[in-house]
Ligand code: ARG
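This document starts with one chain, in the form predicted on its own, laid out as C-alpha cells.
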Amino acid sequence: MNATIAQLKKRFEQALVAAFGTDLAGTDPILVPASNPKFGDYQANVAMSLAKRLGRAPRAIAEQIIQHLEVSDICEPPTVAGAGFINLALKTQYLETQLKALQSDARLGIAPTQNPQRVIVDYPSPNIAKEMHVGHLRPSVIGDAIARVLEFLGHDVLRLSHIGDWGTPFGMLIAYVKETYPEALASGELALGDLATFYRAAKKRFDDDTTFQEAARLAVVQLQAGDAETLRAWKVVCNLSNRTNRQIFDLMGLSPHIQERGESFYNPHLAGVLEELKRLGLLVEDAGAQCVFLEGFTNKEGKPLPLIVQKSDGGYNYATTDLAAIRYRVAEDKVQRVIYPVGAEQTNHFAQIFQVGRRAGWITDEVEFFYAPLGAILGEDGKKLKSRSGDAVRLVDLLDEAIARARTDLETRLVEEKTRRDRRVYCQCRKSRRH
C-alpha cells in the first residue's frame, strides 16, 4: 500500500496549496492508519498541526481541506471527525483493482530499493563445543527471514554465523579426540554420525578421571599457544560440529549461503583492537585488566562500569572478539548495516560493545549496527523450554518430533479422506442399484 499512501499524500499537498496557498507546499499531511475501522482506513491529522500557524480552528481547516481534496478515484468521500481528523475509506473497487495487479506481479507490488546496501545478518551463531538447542530456533528462523526480506528488496546480504569455536570449552573435546580417535588427527575428519554420543562420552570421561581433566586444561593452553597437534584436534571437533549443524540447517530449510566465521577468525585482530583503543585514549587499566569505562552503566556501588577487553592474565573475552568483528566488518567487509538477531538476555552486552564501537569511530551515522532482541521459547509452565532432565531441549529432537507429528497428522488426514471417499462411492453404488 506504499503507492496508495504516496498518492494520497500528493493529493493532500495539492489540496493544501489550493486551500491556503503555496506556503503550505511540502507540508506533511500526517497520514496514518485509522485507529478504529469504523473511521475508515486512513486518518490525516494535519489540521491540528496547522491551527496555530493559520490562526483557525482545526475543524474549520479540515473542512476547507476536503473541499479541495480530490480522491474520488481512490476513496469514498472524505469526512471530518472530532476536533478535525480527516478520515478516508478506500473504495472496494479500488482495492479490487490493486489486488488484481498484485496477483499478476511476481514481486507483489514491492519495488526494489533505490539505495541498496551491503548488509550483514549475524545468525544463527551456535557454540561449536555444544549441541544446538531449542534457543537456536529463534535466531535461525528470524535471522533467515530478515536476510531473505533484505535480499528481496535488493540489498547485498552476507549471512554470517559468528560461531563459538574457541576457548576453554574445547579443552575437554580436544583431549578426548587425542585420546580416543588419534587416527582422526591425520585425516582431519571424525567419521561419527552422532555428535551427541561424542559429547556425552567426552563429558563422562572428564567427570570420572582427574588425569583427563588435567589433559583437558592443558589442551586449552596448547590451543591458545598454537600447538600444531592441538589445532588439528580442534579442527576435527569443529568439522564434526559444523557437519551436524548443517544437517539441522537443512532440516529447517535455512539458506545454504550461511558462512561460518567464528571467534577464531578474529584472533589475529584482537591485539589491533587493543592498540587502537589505547591510541584513542579509551583504555584504562583496572585491577590489572584493560578496560573501557562505559557511559550510562554503573555497578552496584553506583560507580562507572568497565567493559573488560583484556583480562589481567593477558587473555581476551567475548567482548574483545565482538569488538574485533565490528571493526573488521566496517573496515574490510565495507558494510552499511549489521543486524544481530540475538536473545533479549544479551541486551546490555550489545549496548556496551556498540557504545565502544561508536566512541572508537568504527560505528558512525553512515554505518548502522542494529540489535534485534528475541524473546525466549517457553514451555507450558511459562519458563524456558527444558527437557525432562532439566537441560535445554536439543534442537534436532524438537525438529524430529515436529516432523513425526506432521507425518502422523498427514497420514491420519489421508486415511480419513479415503474413508469418506469410499463411503461416497458405496452410497452412490447402492443408490444406482435401487434405481
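Computed from a prediction, not measured in an experiment: that's the story for all the values here. Position 1 is the first residue in the sequence shown; the rest follow in order.
Another form exists, predicted in complex with arginine; not displayed. Remarks below refer to it.
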property	result
Close approach of residue 310 to arginine in the model of the complex, 4.5 Å, heavy atom	no
4.5 Å heavy atom contact, residue 159 and arginine in the model of the complex	no
Heavy atom of residue 94 within 4.5 Å of arginine in the model of the complex	no
Proximity of residue 262 to arginine in the model of the complex, heavy atoms at 4.5 Å	no
Location of arginine contact in the model of the complex, chosen stretch of 200 to 208, 233 to 241, 117 to 125, 141 to 149 [non-hydrogen atom, 4.5 Å]	117 to 125
Heavy atom within 4.5 Å of arginine in the model of the complex - residue from 346, 113, 255, 79	346
Listed residue that, although arginine is not shown, lies within 4.5 Å of it in the model of the complex (heavy atoms), from 342, 195, 277, 219	342
Residues within stretch 131 to 165 having a non-hydrogen atom within 4.5 Å of arginine in the model of the complex	136, 162, 164
